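Consider the single chain below, provided in structure tokens and representing the form predicted alone.
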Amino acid sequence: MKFSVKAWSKGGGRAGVMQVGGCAIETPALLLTTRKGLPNFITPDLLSSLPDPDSRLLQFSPLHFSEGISLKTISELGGLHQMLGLKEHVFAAVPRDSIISLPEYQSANKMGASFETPCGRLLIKPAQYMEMISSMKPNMWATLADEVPAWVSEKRNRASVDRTVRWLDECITSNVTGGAVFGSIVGGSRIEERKRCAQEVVKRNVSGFCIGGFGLGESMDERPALLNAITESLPEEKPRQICGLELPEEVLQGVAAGVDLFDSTYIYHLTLGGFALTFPSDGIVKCCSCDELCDDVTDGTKINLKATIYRKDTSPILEGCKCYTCQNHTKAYINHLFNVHEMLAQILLEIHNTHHYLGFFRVVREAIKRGTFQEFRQNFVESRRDHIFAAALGA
């Protein structure tokens, strides 16, 4: 894997290029969240309808394979690329995702990290984790981490850093599969521990950094100081990945701190709820009618396609959108699919939301290259805040 920074912008954002798995991916970039290597709803044959090469980054948790096919079988098949038939895609492995592999700090100990999964609570030791990695052969993978929420004690926080650094050494020592190693950084809501962990990870032979422990109880107001404490300790020439920042405003926080790779659990939660992203590419949220606000159909950035207002709406989700869904289907049809509980509703909706969110990242990259990222971020956040305020007044 090779990475280089191509542009910086006021406000801290940086744009770069990451070459991995035969692909040249521009950053900041979105890692498509998957379950067992495939998007939650999009079928493999429709992956090609998404923007290329932006959609080639697929993130998964090895813990997803705790049930079903064995690690030995995956290894004999040649890893995930061969098993899933996605040889042109880039797989990134992380222990945690924000959907079905959630860290459980109270059950973790010095032997391994604990996770809540569909198979129950699992204690994963570094040796077990590395066996998963060697079987699946991802292009890049994050080391095992002891992630803790923001409210834990200082002693528990310090222990999580010590364990994560020790597990990092164990993972690197037992790495036989290759792939780019991303050293995990934890530390909860304590700036000193975040710095200490980052400084320790930098000393190791890693290709990049995976910033963990976010989205676990910290507020948006305290997050910038934590992010800056980490990124200021990291070398500029290596990529930084983060888990737990979902909303567009949170992504912009991460970009401002110099983060390069983000997960996409936001898309999953939107799609599951029947919501379609509609905010314009310039980020300026337009005002909606009082009827729409009162019906809780839209908040200016997304619409609820389960709402009855769309039952006879023959327009696409978003005029001008080039995604497969908007080019071929209408709001009325997707509303119908939701009403009859047809899974095609989620498939079409995830295609649109993924396409739209990838477009959001493209606009962010362009703003960084133009040197206008700070203005873009300010306009986006302020227009979103103003719209929420107007909706509250109209309620």
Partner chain sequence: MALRFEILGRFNRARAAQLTLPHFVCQTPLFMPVGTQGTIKGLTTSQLEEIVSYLRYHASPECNHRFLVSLLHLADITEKGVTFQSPVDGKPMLLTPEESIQIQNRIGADIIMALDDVVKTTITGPRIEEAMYRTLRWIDRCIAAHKRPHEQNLFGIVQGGLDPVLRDICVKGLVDRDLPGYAIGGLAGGEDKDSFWRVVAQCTAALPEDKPRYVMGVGYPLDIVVCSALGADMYDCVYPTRTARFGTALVPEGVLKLKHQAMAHDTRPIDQTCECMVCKNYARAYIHCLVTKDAMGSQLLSYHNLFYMMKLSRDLHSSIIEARFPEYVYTLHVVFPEGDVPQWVCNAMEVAGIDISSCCSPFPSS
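Numbering follows the first chain given and starts at 1. Being a predicted model, the structure only gives us computed values, none of them experimental.
Note that the form predicted in complex with its partner chain isn't included here; everything after this is about it.
In the predicted complex, no heavy atom of residue 229 sits within 4.5 Å of its partner chain. In the predicted complex, at least one heavy atom of residue 85 sits within 4.5 Å of a heavy atom of its partner chain.
Residue contact check for residue 50: none of its heavy atoms lie within 4.5 Å of its partner chain in the predicted complex. Not displayed here, its partner chain is kept clear of residue 275 by more than 4.5 Å at the level of heavy atoms in the predicted complex. For the options 199, 73, 106, 314, the residue carrying a heavy atom within 4.5 angstroms of its partner chain in the predicted complex is 73. Comment: its partner chain is not present in this chain, but in the predicted complex one of 334, 58, 63, 42 has a heavy atom within 4.5 Å of it, namely 42. Annotated contact segment (heavy atom within 4.5 Å of its partner chain in the predicted complex): 336 to 344, selected among 336 to 344, 24 to 32, 354 to 362, 50 to 58.
Contact check for 38, 69 and 77: all three have a heavy atom within 4.5 Å of its partner chain in the predicted complex.
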